[in-house]
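Next up: a single chain in structure tokens, the form predicted alone.
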Amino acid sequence: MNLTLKVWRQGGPNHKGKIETYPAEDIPEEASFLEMLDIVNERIITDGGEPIAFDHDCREGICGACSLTINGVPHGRESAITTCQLHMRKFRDGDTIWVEPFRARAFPVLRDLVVDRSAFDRIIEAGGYISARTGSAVDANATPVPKADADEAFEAAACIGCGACVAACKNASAMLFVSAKVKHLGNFPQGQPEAKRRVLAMVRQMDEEGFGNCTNQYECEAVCPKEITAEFIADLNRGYAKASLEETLG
């Protein structure tokens, strides 16, 4: 395959960025999108240029690091996949592909296609934990959990924190991410002692980081590679309202 790449290049956080054009020639159809970038980078280096910086780790759709906007859509137009799971056979020979970093005030660009998503880490630090005693594994049946609650918690826990939901939202809201983290901890008995404090702390940290408000457009749900449902956002809103009222009343 022979393609044309329009890639965002930015030397650093305080540099002015711009789109630059690169040929992507003789790309195997079975290559992943990141492997295609590897091939392009090898040719850039051979020609004495500066390779395109992009983030990656596991390349198996687990780590959430491969956060790219491809033709205007976080992770590309295919459903329920990360960038590293997108293969070049999904494009046509001769296509022009626009590749940019995730755009959000809370995700400043570090260089080229790499953004700083440490805001998510600080949200987790604010309340994404439990104080229940850990140690040796207890018997699986020692703390019965209804199957519906367990299934819902596991669905929420599938969130890999990639930030696609933020990049897709016109308000750069992190509500889907936060709601998934609150849900997967709050659905189990071990997570109940911090439940009210958790929702207050994580939502307030989210606001402090500069993420926008949710206006129920569902762009987040549409681009989530793990298909996290926006129904969790409604649960988060209810939990926050209840915890705020109890806090106010003392």
Partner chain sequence: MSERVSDTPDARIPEGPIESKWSRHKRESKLINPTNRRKYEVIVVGSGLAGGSAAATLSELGYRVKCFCYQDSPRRAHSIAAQGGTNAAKNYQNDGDSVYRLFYDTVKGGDFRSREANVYRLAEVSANIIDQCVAQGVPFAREYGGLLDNRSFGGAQVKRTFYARGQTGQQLLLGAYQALQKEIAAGGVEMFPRTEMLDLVVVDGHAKGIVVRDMVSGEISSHAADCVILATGGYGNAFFLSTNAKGCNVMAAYRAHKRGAYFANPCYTQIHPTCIPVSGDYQSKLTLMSESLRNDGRIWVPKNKGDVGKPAAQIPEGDRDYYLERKYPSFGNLAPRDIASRSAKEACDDGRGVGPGGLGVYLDFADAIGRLGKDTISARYGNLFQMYEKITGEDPYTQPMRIYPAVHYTMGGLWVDYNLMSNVPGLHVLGEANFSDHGANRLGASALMQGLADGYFVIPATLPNYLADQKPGSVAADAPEFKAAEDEARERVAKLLGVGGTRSVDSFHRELGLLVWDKCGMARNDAGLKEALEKIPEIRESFWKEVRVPGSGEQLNQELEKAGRVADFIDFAELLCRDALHREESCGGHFREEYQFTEDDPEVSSGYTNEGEAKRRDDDYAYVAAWEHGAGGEPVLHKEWLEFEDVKLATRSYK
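These numbers come from a predicted model, not from an experiment. Numbering follows the first chain given and starts at 1.
Here the subject shifts to the form predicted in complex with the partner chain, a form of this protein not shown in this document.
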{"item": "In the model of the complex, the one of 97, 172, 160, 73 near the partner chain [non-hydrogen atom within 4.5 angstroms]", "value": "160"}
{"item": "Residue contact check: residue 103 to the partner chain in the model of the complex, 4.5 Å heavy atom", "value": "no"}
{"item": "Contact test in the model of the complex: residue 211 vs the partner chain, heavy atoms, 4.5 Å", "value": "no"}
{"item": "In the model of the complex, residue 193 touching the partner chain (heavy atom, 4.5 Å)", "value": "no"}
{"item": "Any non-hydrogen atom of residue 63 within 4.5 angstroms of the partner chain in the model of the complex", "value": "yes"}
{"item": "Every residue of 31, 85 and 124 near the partner chain in the model of the complex, heavy atom within 4.5 Å", "value": "yes"}
{"item": "Residues within stretch 32-56 having a non-hydrogen atom within 4.5 Å of the partner chain in the model of the complex", "value": "35, 38, 39, 42, 44, 45, 46, 48, 49, 50, 51, 52, 53, 54, 55, 56"}
